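In the form predicted alone, a lone chain appears below as structure tokens.
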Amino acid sequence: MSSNNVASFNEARRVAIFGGTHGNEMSGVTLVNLWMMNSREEIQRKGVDTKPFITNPKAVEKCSRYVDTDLNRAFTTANLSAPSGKDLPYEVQRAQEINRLFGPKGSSEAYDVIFDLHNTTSNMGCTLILESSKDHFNLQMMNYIKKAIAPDSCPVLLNEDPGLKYATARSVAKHSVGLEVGPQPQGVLRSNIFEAMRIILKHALDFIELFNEGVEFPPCTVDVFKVSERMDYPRDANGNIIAMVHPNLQDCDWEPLTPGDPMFQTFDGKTIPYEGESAVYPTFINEAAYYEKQQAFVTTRRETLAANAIRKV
């Protein structure tokens, strides 16, 4: 609830850290396994029960993104309410189990915060993913993290358009936070990416501890990149890809793409320019996992969100 531009929240006592939602994204898999098999002291905070959890163990075992279907798209109302049974796709069965353990989604019994750890093959750096511009708790947390790691950057990707967002594993919680760190190839563990993810998570948990101890966070603003459109590769009449991401765009996540800039390059060397009406900021550029989803990158537009002051109830 909120009053006089101050939002009040219950203490965040139950926190989960998901790794292996995609089984070949190794930073989250490795960190969560480390905390499950060894000491959890690193992720514990005063008054907070932090649970590390491997969300898709069969995909982790196979080092594949998923077994039957993408778990991070499986938390729809239809899937969660479907009659349970072994005839369901494996990831739908897992979604129902995760919803029982950490939800139910949308209920007062759901976990307070879920961090979902992901890697990308794109040059996105450390990216925080926000699913609602109205979540003042998450906005304040992300502002805290951005300040804590400065001068290093930590873009915030806002994906709340009903036509563009998807039913994520973390959406089970009251406050869902995605962490996307790259570039890192699938099935590979890079030390710099591993450590960057670890540091972001440390600051996020520090924020929760401070909030629970009664620290009131004043109003702030948070710059975000709001998802605008999914861009596919150029294709022929049979659906075959006929062009690649242009060299001038490759690895340029978060940099402006203006009308007329090179966007794709055909196999015979011709340039296909961006023909939008104004500048956009692409990200997830040439993400390996998104070829099957017919997505070359997403465009975003920059916005500044105002976050209310927050305090605990």
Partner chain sequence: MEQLLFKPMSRVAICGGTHGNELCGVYMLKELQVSQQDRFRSFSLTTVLANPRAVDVCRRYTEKDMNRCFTNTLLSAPRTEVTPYEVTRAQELNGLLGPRGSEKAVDLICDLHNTTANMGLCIIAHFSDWVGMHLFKYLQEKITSAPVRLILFKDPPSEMYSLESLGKHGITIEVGPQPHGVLRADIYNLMREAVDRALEWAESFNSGTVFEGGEIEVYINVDKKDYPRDPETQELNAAIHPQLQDNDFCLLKPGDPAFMSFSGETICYEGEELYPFFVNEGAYYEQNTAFKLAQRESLLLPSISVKKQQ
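Predicted model, so just to flag it, every value in this text is computed and none were measured. Numbering follows the first chain given and starts at 1.
Below: the form predicted in complex with its partner chain, not depicted.
Contact with its partner chain in the predicted bound form, judged by any heavy atom within 4.5 Å, is made by just one of Glu255, Asp68, Asp49, Asp251: Asp251. A heavy atom within 4.5 Å of its partner chain in the predicted bound form is found for one listed residue only; from Met36, Ile272, Met244, Ile54, this is Met244. The candidate site formed by Phe194, Phe267 and Ala288 is fully in contact with its partner chain in the predicted bound form, as each residue has a non-hydrogen atom within 4.5 angstroms of it. Using a 4.5 Å cutoff between non-hydrogen atoms, Asn240 counts as a contact of its partner chain in the predicted bound form. When its partner chain is considered in the predicted bound form, Thr121 lines it closely, a heavy atom lying within 4.5 Å. In the predicted bound form, its partner chain lies within 4.5 Å of some heavy atom of Cys63. Within this chain, Gln44 is remote from the site of its partner chain in the predicted bound form, having no heavy atom within 4.5 Å. The partner is not drawn, yet in the predicted bound form one stretch among 99 to 107, 172 to 180, 77 to 85, 185 to 193 has residues with heavy atoms inside 4.5 Å of its partner chain: 185 to 193.
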